[in-house]
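We've got the same protein chain twice here, in two forms, each standing alone as structure tokens: structure 1 and structure 2.
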Structure 1
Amino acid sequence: MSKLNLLDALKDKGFKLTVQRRRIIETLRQLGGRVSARDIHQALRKKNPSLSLDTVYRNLRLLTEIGLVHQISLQSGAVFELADDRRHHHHLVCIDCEKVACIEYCPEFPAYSDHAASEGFTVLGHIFEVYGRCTECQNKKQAANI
């Protein structure tokens, strides 16, 4: 998604386009790929030393909730990436090297929403990640066992 589309989407969803949100989006774009909140915070503090890590986390949470940013949970902590023009997707995560691959299929079934409704919940979103070992880590593990 282009920078303007992201910023327009934020406004279209009824949220203010604050300086912090604009800078977080710009920093995610500049750093590229998947980055931690701490990486974003360090990059932003170069221009704004008083910016708190809590502010970065709060804004990332909002941007994730409204679908402009994806959060990926790794064993070492969460990383974030800008949502792009691809449709909603999920991730495969290697438990050893933390390599991430996209799953273009979404296993959202009506049964999940039905069950949530029976428990009194309204589904607002979901995260689905599959953890395992990538080929390289499988080969390393196998070679170490020989």
Structure 2
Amino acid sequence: MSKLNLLDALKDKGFKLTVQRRRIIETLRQLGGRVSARDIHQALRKKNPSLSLDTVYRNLRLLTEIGLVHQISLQSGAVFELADDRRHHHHLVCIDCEKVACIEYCPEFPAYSDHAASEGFTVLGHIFEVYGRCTECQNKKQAANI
């Protein structure tokens, strides 16, 4: 999804195109993947000192909920990335070392939208994260148990 389409998508769903939202999306794109709310806030504060941290959080949550942004929950806090830079995907998080790997898989939309419809829900977005152990941490674990 291009930048324009992102803004269109926001508008289509009935949300306003505020300057803050434009800037947050722009910054998500500029900084690349896996940035925290604080990262975005600090980057934007340089030129727009009045930007509220609350606004960053509020919009990241909104963008996540309507599927335009991916959220990755690490122990150290949440990080985000635009959902449009590559094919829709999710993440593997190592519970020992916090390493993140991309997983080229997404729970298929039709598979659960039917269930959602039966509950009267209109689906907008989702969060899907897989937890496990990476190769190195599995080996460490085994070595410790010898």
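Residue indices: 1-based, along structure 1. Just so we're on the same page, rigid core means the largest C-alpha set that superposes within 1.5 Å between forms. All of these numbers come straight from a predicted model, not from anything done at the bench.
Mind telling me which structure is the form predicted on its own? That would be structure 1.
Core superposition between structure 1 and structure 2, C-alpha change of residue 98 at least 2 Å: Yes, its C-alpha moves 2 Å or more.
With both forms fitted on the core, give yes or no for whether the Cα of residue 21 moves by 2 angstroms or more between structure 1 and structure 2. The answer is no; the displacement is under 2 Å.
If I superpose the two forms on their rigid core, does the C-alpha of residue 77 end up displaced by 2 Å or more between structure 1 and structure 2? It does not, since the residue 77 C-alpha is displaced less than 2 Å between structure 1 and structure 2 after the core fit.
I need the CA movement of residue 118 between structure 1 and structure 2 once the rigid core is aligned, reported in Å. With the cores aligned, its C-alpha sits 10.8 Å away.
Please state the CA displacement of residue 132 between structure 1 and structure 2 in angstrom, with both forms fitted on the core. It moves 2.6 Å at the C-alpha.
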